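Just the one chain here, the form predicted alone, laid out as structure tokens.
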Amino acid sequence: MILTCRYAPYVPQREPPHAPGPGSDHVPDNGSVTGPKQAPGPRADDRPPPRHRDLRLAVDRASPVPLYFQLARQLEAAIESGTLAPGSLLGNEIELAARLGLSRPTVRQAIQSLVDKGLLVRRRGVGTQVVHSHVARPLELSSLYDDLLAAGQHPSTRVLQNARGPAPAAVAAALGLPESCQVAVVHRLRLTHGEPMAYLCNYLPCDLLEPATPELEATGLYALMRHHGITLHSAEQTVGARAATAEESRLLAEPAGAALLTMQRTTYDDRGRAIEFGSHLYRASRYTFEFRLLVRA
């Protein structure tokens, strides 16, 4: 199924949390110590993953919502908020069942539902471990970089291509340019927690903006466009799905032929000019689009 939608810009209601980037001035305090030397502690690689026995969980037995689902939603919320960071251990089913007064099958069902979503993994000899949060993105005119930053996901960017090139026919048509006209071609890999999330291909008219690679590595494309005085007004977007090619699987660290979400978007400024065409691929195992549907009166 392919869904096509039109929408206007999203105005955030709060300032997204700032994540220190590669150029941050923060320097860790190594704590110089005088006096008798202490035995060296375990190396970082040897330390066991952190456990979260102090995680606040509760279930409402009077609620019609199944107990396993209540527990699963609370654990999922803790993962998405960063309370349960990637690599954290949940503890075993016996511990959770005893803390909440639930049966082991109920706890097992809750955990399995998050394993099926790709948020948790069972590791022999280690336990149940948080993999990473699943990004759920509302369909609004915002950039993936800003959405990930607001969700506390610490995004980073790897620029794969940034050069002029002839516009393919579909791109030229979307931007209202002559076929084979020169455009700025930007291919990027968006990562979160060091793991690839999306492969982004964007095309911009050369007389509008030709971003520098360091700029693209430091922030999102829409933030960069706003910085250069470009006003984003609206966009047309098509969402679909297909299997990954061998190269796409390699870039996104997915198995060959894995399902990918696709998105094509044409963005317009406040004068109605097409200012950007994007063709993006997202890992379906890590990413979803959210829709809000209303009954038309």
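Residue numbers run from 1 along the displayed sequence. Throughout, rigid core stands for the largest set of C-alpha atoms superposing within 1.5 Å between the two forms. Just so it is clear, the structure is predicted and the values come from calculations on it, not from any experiment.
Quick note: we don't show the form predicted in complex with the DNA, though the next part is all about it.
Of the candidate stretches 182 to 190, 73 to 81, 116 to 124, 211 to 219, only 116 to 124 has residues whose heavy atoms lie within 4.5 Å of the DNA in the model of the complex.
Judged against the DNA in the model of the complex with a 4.5 angstroms heavy atom cut-off, the residues 102, 109 and 128 are in contact without exception. When the DNA is considered in the model of the complex, residue 92 lines it closely, a heavy atom lying within 4.5 Å. None of the heavy atoms of residue 268 is located within 4.5 Å of the DNA in the model of the complex. Put simply, residue 261 is far from the DNA in the model of the complex: not one heavy atom of it is within 4.5 Å. The DNA is not shown here, but in the model of the complex it comes within 4.5 Å of a heavy atom of residue 67. Using a 4.5 Å cut-off on any heavy atom, none of the residues of 217 to 241 reaches the DNA in the model of the complex.
If you fit the rigid core between this form and the one not shown, you'll see the Cα of residue 121 move by 2 angstroms or more. After superposing the rigid core, the C-alpha of residue 264 moves by less than 2 Å between this form and the one not shown. Here residue 92 counts as shifted, since its C-alpha moves by at least 2 Å between this form and the one not shown after the core is aligned.
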